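The data below hold one chain only, encoded as structure tokens and taken in the form predicted on its own.
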């Protein structure tokens, strides 16, 4: 049974804590055989002028694209934002629904302390100003998966504002040409998730699953400081890494724990901004980039052919590779925002403003959370570059793959090989095999210990590089064997008998007099053929460097 957790509830106009059983930290899911509906009623960001990447149009004019994002991250919490219902991905439909989630009369919201702490921690990590006083509002819209007819959010005074997110993008064809950009964060707010509509096309009916209703979300609103799909996808990936490092969200896009809405428009530089469209519910970084670039191209094409851009909501069809209209916004929906009457203002404190004698369990101290922030991805990358002398792009690669950094660090601990050699093997050989087999790091048949032993054999020149790759392939296929066992079984050890190697080199030279003559005539490349022949004769068990030294000695005599 999960440990009970503390939650806030309201008595009159004061906060007290209640003890409510928690559940597991997971996301949301849909029943098999149905397709999920899209989320409705999200807010939009206001677009601001800025200089962006440009795309050519007919004639000499160019277009500038403007992209802003609204990101909804599910908070890692055992229970929902305002109720004690558990949060569990792929639970049976309507099995995790409290009376409050179903909006039964007389039920009241009870604020989840964990969700508030997660919002504060995320705001601090993103350099936001934390509002010591924030308010909850009702956002009204009517749909079957929103039983109350409104969503509790923070429209007027959110918990965090005015932050920034730094991310790096490739500036050229080479991976080393990386530049850092910054996107402003307008606000971070707490809000409820809606339920899920499951459309059964065979029976022509829609079913409602309220398991997701009331799950705590962090809405992170990014200002329109981006200009293409690559920038937006990179910014979202960086935010995903930050949330995972903080533990405030698992941010698993495949499970719907991180969803993105993109606001896109195009205009001529120096002219007013164009009409904006919103592309909803993008749940992978790759589709996000494709959807934005596709929508930018569509808007440019429409305008160049004399047509107008409609202020509408669109979705991305990944099969067709383009955006499709969902609904227009000509008649702007009135959400009738109003203060949430059942929730008093949320008050936070810092060390200076903390009331004397206050019970730490009854208040949230911003400074206490700030002091306990974990290492952020940017700091980890910088440490990797300084500690191991790796290239910046290698540090990005290690962090971008879930579990790869931990795998790399475990190999480093157990091997005597140089960090650069370990980096090369992990990112090129190991990661290449994972991609080829479509496996996650934790599904790899090769353990950090096995790879460390293999690299140690290579480091002390017990085997050649080509033999090491053979051993790795065998490790991938055969579980339970160690690198040393495979080397012994397949007789892959390097020849240690120099006299025997000299005899092989002599025999190769005698058998290929024309190649020897080419080398003596000044063809320096011809010696590589001799090296290859010697390696073939020794079944790749001879060190190419030693072979070259012996051949050069014999050729010069």
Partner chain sequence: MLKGYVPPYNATVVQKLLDQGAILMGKTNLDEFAMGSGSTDGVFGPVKNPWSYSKQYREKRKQKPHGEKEDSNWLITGGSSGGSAAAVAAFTCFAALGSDTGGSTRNPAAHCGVVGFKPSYGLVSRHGLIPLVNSMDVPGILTRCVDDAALVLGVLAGHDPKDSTTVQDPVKPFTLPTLTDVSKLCIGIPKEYLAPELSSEVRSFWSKAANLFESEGAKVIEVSLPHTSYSIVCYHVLCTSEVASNMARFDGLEYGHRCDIDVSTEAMYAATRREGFNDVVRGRILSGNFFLLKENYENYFIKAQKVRRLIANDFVNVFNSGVDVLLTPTTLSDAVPYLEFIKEDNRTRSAQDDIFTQAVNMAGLPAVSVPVALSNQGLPIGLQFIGRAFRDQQLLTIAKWFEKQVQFPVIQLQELMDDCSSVFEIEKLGSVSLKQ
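Positions refer to the first chain, counted from 1. Every value quoted in this text rests on a predicted model; they were computed, and no experiment measured them.
This next part talks about the form predicted in complex with the partner chain, which is not shown.
**Q** Considering 405, 289, 245, 343, which brings a non-hydrogen atom within 4.5 Å of the partner chain in the predicted complex?
**A** Answer to the contact question: 343.
**Q** If the cut-off is 4.5 angstroms on heavy atoms, which of these, 373, 166, 144, 90, is the one near the partner chain in the predicted complex?
**A** Checked against the cut-off, the match is 144.
**Q** Residue-level question: is residue 318 within 4.5 Å of the partner chain in the predicted complex, judged on heavy atoms?
**A** Close contact is absent here: in the predicted complex, residue 318 is far from the partner chain, nothing within 4.5 Å, heavy atoms only.
**Q** Might residue 337 be said to contact the partner chain in the predicted complex, defining contact as any heavy atom within 4.5 Å?
**A** Close contact exists here: in the predicted complex, residue 337 approaches the partner chain to within 4.5 Å, heavy atoms only.
**Q** May I ask you to state whether residue 150 is within 4.5 Å of the partner chain in the predicted complex, using heavy atom distances?
**A** Yes, residue 150 is a contact residue.
**Q** Tell me, yes or no, whether residue 110 is in contact with the partner chain in the predicted complex, where a contact means a heavy atom of each within 4.5 Å.
**A** Yes, residue 110 lies within 4.5 Å of the partner chain in the predicted complex.
**Q** Please determine, with the chain shown alone, which of 274-282, 261-269, 68-76, 132-140 has non-hydrogen atoms within 4.5 Å of the partner chain in the predicted complex.
**A** Heavy atoms within 4.5 Å of the partner chain in the predicted complex occur in 132-140.
**Q** Is it the case that 162, 396 and 400 all touch the partner chain in the predicted complex, with a non-hydrogen atom of each within 4.5 angstroms?
**A** Heavy-atom distance to the partner chain in the predicted complex: none of the three under 4.5 Å.
**Q** Select from 351-385 the residues with a non-hydrogen atom within 4.5 Å of the partner chain in the predicted complex and write them out in sequence order.
**A** Read in sequence order, the lone residue that approaches the partner chain (within 4.5 Å, in the predicted complex) is 362.
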